[in-house]
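The data below hold one chain only, encoded as structure tokens and taken in the form predicted on its own.
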């Protein structure tokens, strides 16, 4: 390690020197931690590497993802283990109107008092707004604001009422698909995919070299 380019952080309760510019996960690996659980895509997509951190001279504890949070001098950070959340069991195909069953499937949703403690999302989702929309039966608004959810569970870890917003929102998304008719163009495209209409074209594209593929994409862009 080049000590001239190292910084001091408190990682998992120990003050250590690590090269600057690393993420939290990379810092753990650099110091010999055998991190396996809590590591997935390393691209901020899977939500497995949730962390809690306090920046130097700050009074506010923040939440994020270990694969995205870049360390800085004086940072105090720990990784969170998987947070247990209740996952309801249901069968959407047995329900004519799944959204009418939300109150029985996730009854704890209606204990929400809008304290906003759940607004710790690393994807900047206003989770409290999503839960309020769900309670108000404004399901389209709820789904429109939850599309970036990575199911990390940080919101559930902060809720004093034991609500797991990520699972509530997932049920609403699934239920809407069942209850709302697909747009005709989407229904047509799904039917074409199921009939393997594009198999030959996909095979042809897969066999293209770099130059041919660039030319092909350029032609599509002009179409």
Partner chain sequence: MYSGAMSDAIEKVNATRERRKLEQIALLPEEAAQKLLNSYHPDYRESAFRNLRVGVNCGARTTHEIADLLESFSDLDYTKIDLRPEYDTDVLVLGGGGAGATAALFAESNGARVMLATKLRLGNSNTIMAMGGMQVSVDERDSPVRHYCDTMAAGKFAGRECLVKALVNDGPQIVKWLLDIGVDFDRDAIGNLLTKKAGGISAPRLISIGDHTGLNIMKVLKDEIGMRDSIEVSEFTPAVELTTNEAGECNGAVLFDLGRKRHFVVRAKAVVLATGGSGRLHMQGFPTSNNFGATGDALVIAYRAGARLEGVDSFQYHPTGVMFPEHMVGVLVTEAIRSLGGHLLNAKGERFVNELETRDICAAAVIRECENGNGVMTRSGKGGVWLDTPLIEEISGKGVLRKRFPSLYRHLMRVKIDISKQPLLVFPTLHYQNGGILIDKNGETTVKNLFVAGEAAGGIHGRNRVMGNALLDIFVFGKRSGLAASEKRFNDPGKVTLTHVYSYYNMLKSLRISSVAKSPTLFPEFIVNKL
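Positions refer to the first chain, counted from 1. Note that the structure is predicted; figures quoted are calculated from it, not measured. Whichever C-alpha set is largest while still superposing within 1.5 Å between the two forms counts as the rigid core.
Another form, the form predicted in complex with the partner chain, is not on view; read the next lines as being about it.
Partner contact for residue 161 in the predicted bound form: the partner chain, 4.5 angstroms, heavy atom: Residue-level check for residue 161: no, no contact with the partner chain.
4.5 Å heavy atom contact, residue 62 to the partner chain in the predicted bound form: Output for residue 62 is no: heavy atoms all beyond 4.5 Å of the partner chain.
Distance check, residue 146 to the partner chain in the predicted bound form, heavy atom within 4.5 Å: Within the cut-off, so yes.
Residue 84 within 4.5 Å of the partner chain in the predicted bound form, heavy atoms: Residue-level check for residue 84: no, no contact with the partner chain.
Those residues of 82-96 which, in the predicted bound form, come within 4.5 Å of the partner chain by heavy atom: In sequence order, 87, 88, 89, 90, 91, 92, 93 come within 4.5 Å of the partner.
Cα displacement of residue 21 between the shown form and the other one reaching 2 Å, rigid core superposed: No, because once the rigid core is superposed, the C-alpha of residue 21 moves less than 2 Å between the shown form and the other one.
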